[in-house]
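A single chain comes next, written as structure tokens; it is the form predicted alone.
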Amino acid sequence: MNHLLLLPVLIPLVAGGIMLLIGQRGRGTDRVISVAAAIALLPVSLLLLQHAATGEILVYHSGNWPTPYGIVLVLDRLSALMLCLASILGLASLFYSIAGDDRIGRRFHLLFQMQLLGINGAFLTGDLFNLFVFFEILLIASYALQFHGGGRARVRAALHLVVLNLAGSAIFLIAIGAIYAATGTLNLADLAVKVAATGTEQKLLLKAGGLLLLLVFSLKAALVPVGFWLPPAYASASAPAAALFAIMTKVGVYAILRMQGLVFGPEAGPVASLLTPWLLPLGLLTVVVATLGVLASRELRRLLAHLVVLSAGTLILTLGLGSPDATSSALYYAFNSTLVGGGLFLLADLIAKERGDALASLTLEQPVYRSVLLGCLFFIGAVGVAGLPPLAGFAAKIYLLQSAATHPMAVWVFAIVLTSGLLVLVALSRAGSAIFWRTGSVQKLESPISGLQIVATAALLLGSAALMIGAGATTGYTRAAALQLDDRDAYVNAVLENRVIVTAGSTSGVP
């Protein structure tokens, strides 16, 4: 079973390698390879999710090198859940793209697979340096996907994305260097043990490294004040790229969650709970700023981009509550917000295609040709993302607020989260009115939309309904995942079990 951990990384890597080797054999060949890889990822992810649900932590030691040497992949309930989310989002986005959006630029499918490789690797890696490597893979692919299709807005946004993330990568390396200088290791499990045993003389170095990591991951998660790059980038990207990007901020949140609980948790000696005091203020501030961005948006795709920032801020403030119940609610919220966010980016593109020169503007009058179908999908997406019943967004918000009820900052959390939800509902109502009702006497423009694009969009948006129907099983899993994250020793013991090299034919290890 441990070798199965390689497949979420190997499948997109092999698919991308094949496309690179065969060269320009036609877009049809690339589509077949890319779709086959994405389809294969889904059952693999579900199988890993099923195994992780048993509570066993799977560890793959490449080359059987002893910990902390060599590349190590680790699967627990959290990483399995995120792999499954990435597979579903990636498959729907890919099906949407093969209806025509992959034609607007070169090497779309190769870049798409490399993006999936980076995302899956970031969720599975058990080493801080390899996390940096997978971050770079997904970022390089995202730079190219941001450029995909060209245009002034995309080029400008991509340049901002490249410059800021290159700076973030440099800071990431500095943070890694500081932590390695203090502990002599970058393996997360080994790091957890050595940080807890570190003396006060290394406290400043560890503290500097940890806070720099928080800065880097905040940049990736688009938190205030370093998240201003996201709205123009996501608003200008092609629809399938933007839908896949919906999970990129969750990679940053995942990294914060992993470091917060494993390396800088309550057992971390001189740097115990280093990150936790920063998370709640960062999350609340991000929610406030993102909500203002949603209200100020005059274009649907930019509004949706601000909603992505809002969801990241909500996740961070929930993690800042520092309890298993809060972590469980954050995971449930993350699954819902990612699926609905990705679906809304695809829907915004369908709306733009039917409105001619008006595109997705909220200030220009132009009716949508398939107003009933797209209007219903927009209503489902708005209900799901605003947190209204009967979809999963409502259950996620209730679960979040319940977890905050006994926290000293509960009043602030309740006030900001509820006010933000109300204002988001106002903004989405205004957007829906502008697109589907305030159309004047302008004639409808017929535009060919593929049935495959509608199915892919609807599948993501209806994911919120599926999560609500299966809320009991889903929240049971997220609760178990949160408790497993709270059990730091279980992760450490599973990874450090391979501390020694075992020679062939022997039964004892050689240190």
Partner chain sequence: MELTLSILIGTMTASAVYLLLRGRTFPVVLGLSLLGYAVNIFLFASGGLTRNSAPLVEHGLKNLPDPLPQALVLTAIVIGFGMTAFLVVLALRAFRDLGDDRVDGGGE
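Residue numbers count along the first chain shown, from 1. No experiment lies behind these values; they were computed from the predicted model shown.
Note that the form predicted in complex with the partner chain isn't included here; everything after this is about it.
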* Counting non-hydrogen atoms within 4.5 angstroms of the partner chain in the predicted bound form, say which of F436, Y369, Y143, W229 makes the cut. => Y143
* Go through V288, V155, A296, A405 and name the one with a heavy atom inside 4.5 Å of the partner chain in the predicted bound form. => V155
* Asked: Which single stretch, out of 135-143, 415-423, 386-394, 278-286, brings residue heavy atoms within 4.5 Å of the partner chain in the predicted bound form?
  -> 135-143
* Give a yes or no for A178: in the predicted bound form, does one of its heavy atoms lie within 4.5 Å of a heavy atom belonging to the partner chain? => yes
* 4.5 Å heavy atom contact, F95 to the partner chain in the predicted bound form -> no
* To do: Decide whether H160 counts as a contact residue for the partner chain in the predicted bound form under a heavy atom distance cut-off of 4.5 Å.
  => yes
* Might A170 be said to contact the partner chain in the predicted bound form, defining contact as any heavy atom within 4.5 Å? -> yes
* **Within 4.5 Å of the partner chain in the predicted bound form: residues from 184-223 (heavy atom criterion)** => L186
